[in-house]
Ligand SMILES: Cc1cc2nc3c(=O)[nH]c(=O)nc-3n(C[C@H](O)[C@H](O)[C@H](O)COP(=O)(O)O)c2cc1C
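Form predicted alone, single chain, as structure tokens, below.
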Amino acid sequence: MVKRLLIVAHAPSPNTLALREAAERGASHSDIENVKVTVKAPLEAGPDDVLNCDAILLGTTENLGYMSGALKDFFDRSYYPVLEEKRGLPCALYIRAGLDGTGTRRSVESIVTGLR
């Protein structure tokens, strides 16, 4: 059975784009079988993408100690439509931090904890 990984990652610079591409390459590595990877920018992704995946990898920059506005917008549009449908969805997060990423991690974790 093929599993579907959704990567939703904000990549506003060459460095963050390289990071997103590295995540995609790693998830698509030939040693990993039966995984279909879909990559979307947060402003392009939405609840239907989440409803159609088996796991999600979130990527964000650290903006003033918080997640990117684009990722926050993704959560704002997706939260209620997926709240009951995707409980327990495996998820991971990477942060391109300018500080230590603590506030950014905390802000994302509070949302995904609410999603259960």
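Note that the coordinates shown come from a computational prediction; the quantities given were computed from them, not determined experimentally. Don't overthink the numbering: it's just position in the shown sequence, from 1.
Omitted from view is the form predicted in complex with the named molecule, to which the following refers.
Proximity to the named molecule in the predicted complex holds for none of Asp73, Gly103 and Ser107, with the criterion being a heavy atom within 4.5 Å. At a distance threshold of 4.5 angstroms between non-hydrogen atoms, Pro81 is out of contact with the named molecule in the predicted complex. Put simply, Ala97 is close to the named molecule in the predicted complex: some heavy atom of it is within 4.5 Å. Using a 4.5 angstroms threshold between heavy atoms, Gly46 stays clear of the named molecule in the predicted complex. The closest non-hydrogen atom of Leu64 lies within 4.5 Å of the named molecule in the predicted complex. If you take 1-31 and check each residue for a heavy atom within 4.5 Å of the named molecule in the predicted complex, you get Ser13, Asn15, Thr16, in sequence order.
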